[in-house]
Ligand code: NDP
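Below, in structure tokens: the form predicted on its own, a single chain.
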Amino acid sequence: MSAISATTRLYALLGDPVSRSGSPAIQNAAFRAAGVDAVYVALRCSTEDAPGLLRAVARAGGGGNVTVPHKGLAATTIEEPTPAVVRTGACNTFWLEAGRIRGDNTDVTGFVTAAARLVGSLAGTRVLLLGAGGAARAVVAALLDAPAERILLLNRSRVRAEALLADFGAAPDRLELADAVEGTFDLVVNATTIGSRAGDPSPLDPTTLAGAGAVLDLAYTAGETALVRAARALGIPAADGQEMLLAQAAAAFERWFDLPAPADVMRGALIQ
């Protein structure tokens, strides 16, 4: 990317908070490597302002990403949702195409890529999922497609968890709610925001991880999250959300520009 000019297109991350996001570093490095005349910024915005900002950025010829807590709102703001958005009720990527604001949920692809590094195929797995927000919806969609054998959903708000189950209409023997952690799991996934801030505790009591085959924390922060540290202390393979961040970012780049994403450059930018 050369100097910003009147032809430079704007791409933005919309959410609250956004100050700790690695997306600007990843995407700006990708833009430079691909020779794209664009710039990527993080914009903290309220629920009231997010729809207007999304429309304005897209209508100006740009696009971007959406993070917590606006993914559900974005799904109702875009004009042309992909099947992934319709199914999950969440949108994390948007752009203008043929005069219409399109949206996708690249978190689905991002989760599959990240989980595969830990457990290989998700088919036949038993999964404990923490959370019921936009990220959790992407995880459920990917697991049902795999298909996973059983998904146990644990969330602080039971009403929100029940809404997720109702929206997916999954058979109760495959996707069910839990009040506590019981049994063993091939994979434990944290899809809450706990862990994204330095000093956050683990969203699970470490003693409950003993029966886990692997742990994937979708949150990430400098160093490792408390959940990842607890899992590794028990000898359990674990990873934070950086792999999912990279995979969904690469998919978003390809939606915006119809070009192969410079994955190695994006990974290097995140590491730095």
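Note that this is a predicted model, so its numbers are computed, not measured. Start at 1 with the first residue shown and count on from there.
Keep in mind that the form predicted together with this ligand is missing from the display, and what follows is about it.
Among 143-151, 193-201, 79-87, 180-188, which stretch has residues whose heavy atoms lie within 4.5 Å of this ligand in the predicted bound form? Every other range fails; the passing one is 193-201.
Give a yes or no for residue 155: in the predicted bound form, does one of its heavy atoms lie within 4.5 Å of a heavy atom belonging to this ligand? Within the cut-off, so yes.
Verify the contact flag for residue 31: yes if a non-hydrogen atom of it lies within 4.5 Å of a non-hydrogen atom of this ligand in the predicted bound form, no if not. Answer no; every heavy atom of residue 31 is more than 4.5 Å from this ligand in the predicted bound form.
Quick one: does residue 40 come within 4.5 Å of this ligand in the predicted bound form, counting heavy atoms only? Close contact is absent here: in the predicted bound form, residue 40 is far from this ligand, nothing within 4.5 Å, heavy atoms only.
Just to confirm, residue 63 within 4.5 Å of this ligand in the predicted bound form by heavy atoms? Contact with this ligand, no.
45, 245, 236, 226: which sits within 4.5 Å of this ligand in the predicted bound form by any heavy atom? It is 245.
For a quick check, can you give me the residues of 88-124 that have a heavy atom within 4.5 Å of this ligand in the predicted bound form? Stretch hits: a single one, 107.
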